[in-house]
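To begin, one chain is listed below as structure tokens, in the form predicted on its own.
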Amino acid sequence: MNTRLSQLSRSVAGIRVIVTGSASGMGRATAHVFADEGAKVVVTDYDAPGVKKVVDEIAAVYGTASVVGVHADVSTSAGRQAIVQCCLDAFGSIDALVNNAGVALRSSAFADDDAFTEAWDRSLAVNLSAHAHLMRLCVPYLEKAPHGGRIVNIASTEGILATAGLMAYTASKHGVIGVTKGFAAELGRHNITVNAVCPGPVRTAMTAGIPEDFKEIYAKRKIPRQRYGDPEEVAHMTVNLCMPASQFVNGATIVVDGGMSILHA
């Protein structure tokens, strides 16, 4: 007989999870890992064809009962309501929320007023305000989650460090860490944990425009692991935080960057 010595489960099988921004990149990888582990997944993104593609990928392996998709803009109240309602209609409740949707827009201190304002407003709306509003919408359901509700906010190493020319993105990601701590302090007593994951350089659409030789030079100079990360490597950290065994991790900021942020410049 195989008797386990540990008492806490590492299984997310059966949990009902919303993953925003999951049409591509880290969101897609996160949806895939949850599905692989037996979770029921809501795939949602502003990119409608991308949503369908990811839903079809998961359904082809695990069946249509394991996944549902909704095209929505998280920066709007109607979009957020549609996401929550989609999960309720398909799966009955919500056990976990992954706030992954984000945009990275150039915003220099020297940009003209209109360009700066547009980048600033859009960045904070998608990267920060949407997180807070969606968490609030999900709280009544997360409180009832059998193994405790889970929220994971995808921040960035830009929430710890800073890059010139990305002022709005950097500010929004610092804000994600702050809002994570604030919600964690308030929701912990309601059996809901809230944590932030900070990916470093990862191969996604946001970094696709960087030439490969530049990536290689940067990785060798700045990253102890000597390479860019893979979206799935971030996704596994996110899924780990949603396990029943992770119930005492709350308000944490976890960096997944190959060691980049520990080095001197």
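Residues carry their position along the shown sequence, with the first being 1. Nothing here was measured: the structure is a model prediction, and the numbers come from that model.
As for the form predicted together with nicotinamide-adenine-dinucleotide, it is not shown, yet the points below apply to it.
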Query raised in the report: Which one, 100-108, 85-93, 140-148, 179-187, holds residues whose non-hydrogen atoms are within 4.5 Å of nicotinamide-adenine-dinucleotide in the predicted bound form?
Result: 100-108
Query raised in the report: Do heavy atoms from each of G25, I154 and M206 fall within 4.5 Å of nicotinamide-adenine-dinucleotide in the predicted bound form?
Result: yes
**Report entry** The unique member of V126, A168, I192, M135 whose heavy atoms fall within 4.5 Å of nicotinamide-adenine-dinucleotide in the predicted bound form
**Finding:** V126
Requested in this report: Although nicotinamide-adenine-dinucleotide is absent from this view, report whether H174 comes within 4.5 Å of it in the predicted bound form, heavy atoms only.
Outcome: no
Query raised in the report: Does P201 make contact with nicotinamide-adenine-dinucleotide in the predicted bound form, using a 4.5 Å heavy atom cut-off?
Result: yes
Query raised in the report: With the cut-off set at 4.5 Å between non-hydrogen atoms, does V74 touch nicotinamide-adenine-dinucleotide in the predicted bound form?
Result: yes
Requested in this report: Please check if Y62 has a heavy atom lying within 4.5 Å of any heavy atom of nicotinamide-adenine-dinucleotide in the predicted bound form.
Outcome: no
